[in-house]
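The data below hold one chain only, encoded as structure tokens and taken in the form predicted on its own.
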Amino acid sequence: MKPSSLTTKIFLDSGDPAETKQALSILGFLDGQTTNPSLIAKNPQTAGKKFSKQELLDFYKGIVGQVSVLIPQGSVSVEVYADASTKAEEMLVQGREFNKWIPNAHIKYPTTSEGLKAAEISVKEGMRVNMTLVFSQEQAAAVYAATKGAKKGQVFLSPFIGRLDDRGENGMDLISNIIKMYKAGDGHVEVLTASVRSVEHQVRAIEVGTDIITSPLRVLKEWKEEISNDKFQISNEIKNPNLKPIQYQEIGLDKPWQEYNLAHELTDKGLERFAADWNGLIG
């Protein structure tokens, strides 16, 4: 059972239902799970195998179907295939199909111009979305603007903090900055802290008030070991003096989403990585 003192939703970041079962056993609860092409590629059942495109989609459908049964009251993020040339219409076709796979899906779109076009239409159609590969406040503001009118719980925003840390920037600053910026809004976008690498990330994300955090099984295990039964936070801010601070920007939320700067090299690299991992399974 989830402790009443823990308001942040806890997701598992994994493409393996066996890990879902382990996480449920370790924590006693899960609020959801995030998947992506790279995580599906790491599933033990893909080792040494090649799939046709349809076989790979069927495999993905089977994986999220198993996860959905294990956490029927939670959210399961299912990511569309997208590379730098994928158009919104192509993403929408995938998103609509994936949304039929399970009743508790959030469809993951990249936070690019084409991804936001797809998300804007998806939200109007009543679908739930998770905007991924977020690395800037401007991108977060654009997601807010593109999904205005959405209901609470319909839109997730996934900033990737670990990948910012990898290049010497304090990814947790981005989470804090987005939360601060969103206070001026209506609360329809939930911040989902992603690319978690450590218990320190886990703890700090909870402390700054992230709505959701998704973590690999390894981090969830370590986190559980370090906390007492009903104490899911550790006091004292955790800082890494070797990471460059990310300064807060005064950005309004009232512009059309097309007027925000969506460009970020890590978003481009993330798309490349996901596409490569997915295509690497096709033969």
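A quick note: this is a predicted structure, and the numbers were derived from the prediction, not measured. Each residue number is its position in the shown sequence, starting from 1.
Omitted here: the form predicted in complex with a small molecule. The next part is about that form.
The single contact residue among Ala82, Ala194, Ile178, Val78, judged by any heavy atom lying within 4.5 Å of the small molecule in the predicted bound form, is Ala194. In summary, among the residues Leu30, Leu39, Val219, Ile63, the only one with a non-hydrogen atom within 4.5 Å of the small molecule in the predicted bound form is Leu39. Shown alone here, Lys21 lies farther than 4.5 Å from the small molecule in the predicted bound form, counting heavy atoms only.
Contact annotation: Phe98 falls outside 4.5 Å of the small molecule in the predicted bound form, judged by heavy atom distances.
Taking the partner from elsewhere, His201 is found to have every heavy atom lying beyond 4.5 Å of the small molecule in the predicted bound form. In the predicted bound form, the small molecule lies within 4.5 Å of some heavy atom of Arg163. Shown here without its partner, the chain carries Asp13, Thr214 and Arg273, all of which come within 4.5 Å of the small molecule in the predicted bound form through at least one heavy atom. The partner is not drawn, yet in the predicted bound form one stretch among 246-254, 48-56, 31-39, 64-72 has residues with heavy atoms inside 4.5 Å of the small molecule: 31-39.
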